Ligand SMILES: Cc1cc2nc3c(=O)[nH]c(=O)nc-3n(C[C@H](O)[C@H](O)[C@H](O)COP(=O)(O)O)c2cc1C
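Take a look at this single chain, the form predicted alone, given in structure tokens.
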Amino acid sequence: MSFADLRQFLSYLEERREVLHIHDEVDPIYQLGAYVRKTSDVGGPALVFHMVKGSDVPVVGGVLATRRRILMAYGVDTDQEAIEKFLYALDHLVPTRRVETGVCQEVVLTGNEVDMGRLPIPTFSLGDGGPYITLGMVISKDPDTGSKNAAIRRIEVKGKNKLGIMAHGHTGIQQARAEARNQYLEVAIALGCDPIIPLINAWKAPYGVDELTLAGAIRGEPVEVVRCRTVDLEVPATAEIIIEGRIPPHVREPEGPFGEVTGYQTDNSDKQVVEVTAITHRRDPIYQTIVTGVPSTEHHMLKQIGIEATCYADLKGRFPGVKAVHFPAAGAVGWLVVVSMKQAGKYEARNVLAHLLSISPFKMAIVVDDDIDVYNLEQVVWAVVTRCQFDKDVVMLPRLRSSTLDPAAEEPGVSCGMGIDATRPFGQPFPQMSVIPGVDKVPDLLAMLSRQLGR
């Protein structure tokens, strides 16, 4: 099934006892973030905060902080089904559908009415430069080609009508092209969308692909969009809140520090700003936030399926024995990849490692046999320590292009890649795994305990 908006998904989660309502007042400075951090740590429910200090707008957090709820958003039961659905959608994009009106514009604030302080935007980590919008889908278009882009960017509140933005990736390309013309880049920031939209926005689509068309393909129906009031862009019509604005050319101001996806604080540095021209929202808006920082957080979970699907498709086309690909949150989702495969010949796993380390800024790649569950890090580590001889089965590739966020890098954007072949020696005798038969026939013990305790 697909969900028309965030509210419909929250109702679906309510029915499955996946939502906890917090009615005590919480402070948006640290306290709200602490709640969302806690539920991420324990695989807990989505949280609805009904009383946020200084605001009458409720906040939801942790909505997609578990793989379980992400699969619900995709409308599937297994990881493999989600991968297949994503890959099918990539080849069957569904164009957006323009509508004349949308609930995201029931209230329109422009001019002196624009005030970012109206929104309960949290401050998360000690040392953060201020309140941060962490689940803002930044929509923009290429000034040369008109191609559209939507991506989650970190956005710092700098004043009632000014934001600091880390305009990198495809947003950065578009901003650079506008700046070369001495032009503003118009942007719209969508908050509180149906769950598939942030899941797609967290993934880096090929340049020129409109992420909303991919979201439509996964939903099985077009994403309805409405034209903004002050910028020439279209936004999801059922969003909770839209912030419209422009990035001026040749303007940079300090942004940060911020607790990043690596789990470490990044220093402040000069970045682009957004001049806010309008805020539109539902009559009774909900503000959606996510927390980031030390894995695992919702930020890490959002990224996984998209990059797992595209990496799987790439590897499967080259190495048919590949069975599964996983990017554990512990690897900051992108720096550690685990691949399971059935080798067709000696050392094929090393070819997989070499390919992985050559195409992306991975710091570590691990290849295991197809009897290892790539989603179970205990099994992966067990395979590494029992099937790998480090002097022969570990490869190092120094001075590879890497992420500029790597806190251990001696040179920004440059790191050492490591590949671990944790497969059994091909074609050679190897001890048999110990297996206890019948485990799959044992009933659900936790459900039995729950019934015994009368829950």
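The numbering used is simple: start at 1 and walk along the sequence shown. No experiment lies behind these values; they were computed from the predicted model shown.
In what follows, reference is made to the form predicted together with the ligand, a form of this protein that is not presented.
- Heavy atoms within 4.5 Å of the ligand in the model of the complex belong, among the stretches 181-189, 234-242, 72-80, 167-175, to residues of 167-175.
- With the partner removed from view, the residue among 364, 205, 380, 94 that has a non-hydrogen atom within 4.5 Å of the ligand in the model of the complex turns out to be 205.
- With the partner removed from view, the residue among 303, 118, 158, 282 that has a non-hydrogen atom within 4.5 Å of the ligand in the model of the complex turns out to be 303.
- Although the partner is absent here, residue 154 lies within 4.5 Å of the ligand in the model of the complex, judged by heavy atoms.
- Mapping the unseen interface onto this chain, residue 201 counts among the residues with a heavy atom inside 4.5 Å of the ligand in the model of the complex.
- Heavy atoms of residue 134 reach within 4.5 Å of the ligand in the model of the complex, making it an interface residue.
- When the ligand is considered in the model of the complex, residue 288 lies well away from it, no heavy atom lying within 4.5 Å.
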